[in-house]
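Only one chain is shown below, in structure tokens, and it's the form predicted on its own.
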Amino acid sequence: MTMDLYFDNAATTKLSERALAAYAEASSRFYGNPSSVHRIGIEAKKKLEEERECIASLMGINGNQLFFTSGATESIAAVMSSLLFTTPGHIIISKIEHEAVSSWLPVLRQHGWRTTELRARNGFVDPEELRAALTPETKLVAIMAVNNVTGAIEPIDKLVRTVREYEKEGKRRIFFFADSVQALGKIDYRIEDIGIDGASFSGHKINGPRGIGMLYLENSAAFRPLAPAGGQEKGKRGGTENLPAISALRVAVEEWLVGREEKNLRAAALKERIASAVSDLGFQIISPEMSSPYILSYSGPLPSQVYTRMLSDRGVSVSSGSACSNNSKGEGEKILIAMGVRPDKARNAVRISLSNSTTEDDAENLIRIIREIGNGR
């Protein structure tokens, strides 16, 4: 019988039972439109705001700074598209950003924006290189908190501090945005302490449902969305709120943030065991030491598409990089090369990603199968 070992949690996670139950309950009990003025709509609106305040409290932010979207990609698009309302200037991102961010560069260039892409040697953006790239025309800096391919934890606090110090010289605010999809619940990540202006989050990366995400705005009054539509979400994101998914998301956030330290230590121990076994086989570990306890990338013995298929035939689900770009133009491979990984090693890259429900037996069975495959010859 083929074993089912799921190690592609950085791509998406299984909806938790409690989150599913919350989704069903909200669908049944709070079926009204939160924008309606009748009793059923008012009850739905009250539930919506209760869920918002609960999630915000868990994240250590204010409810008026949190907006629900259809996912992190939409949250990112809301920020990037808002630049089209302003006089063109300069934007800085890293070369290891998710396509949800980097795909906006051609659009912005067409509208007169100048763009700079920073290197990320060994997986990390250098604050000094960021400082050298800043100009009086810089209006936005977008650097992800945790890389989705290698799990590298960026020095966001230092990068933000670099921008804020430069602001004192130019006397103009620069919007610092951090794609935080792989950070929520998985590292010690206190948004307000860091001082970022905006961040994106996704429900299905933390055992919540697909089609729900969040946008954090430190000062929402300074943000003008491209399409406010019906004025929901305080005019920042139009469209009827997906209350069942929001309720399920609240449960997922609880499950990841309550007792996070213990869960992360446990995941780190499992990751270390897998990394040790992979190293013993002579494979190169790509993920840096300072990386998420839930993501491990290494260069296997064969091209990643071949190797991941061999693992899949044995019931193991892993990724050859970013699942969002596996079918595009080798985006994961491009990101690794931007980090300084040799092209031949990048072509053989495999990403193993854990969840807070990954067990020791799961890890041991994965190790056994990797050893059985060996060098694939």
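All values derive from a computational prediction rather than experimental measurement. Numbers follow the displayed sequence, beginning with 1.
The form predicted together with a small molecule exists for this protein as well; it is not shown, and the discussion that follows is about that form.
**Student:** Could you tell me which of 73-81, 261-269, 218-226, 102-110 sits within 4.5 Å of the small molecule in the predicted complex, going by non-hydrogen atoms?
**Tutor:** Within 4.5 Å of the partner lies stretch 73-81.
**Student:** Examine H204 and determine whether its closest non-hydrogen atom to the small molecule in the predicted complex is within 4.5 angstroms.
**Tutor:** Within the cut-off, so yes.
**Student:** Considering non-hydrogen atoms and a 4.5 Å limit, does the small molecule approach N148 in the predicted complex?
**Tutor:** Close contact exists here: in the predicted complex, N148 approaches the small molecule to within 4.5 Å, heavy atoms only.
**Student:** Whether R237 contacts the small molecule in the predicted complex should be assessed with a 4.5 Å heavy atom distance threshold; does it?
**Tutor:** R237: no contact with the small molecule in the predicted complex.
**Student:** So, in the predicted complex, is L249 in contact with the small molecule at a 4.5 angstroms heavy atom limit?
**Tutor:** So L249 does not count as contacting the small molecule.
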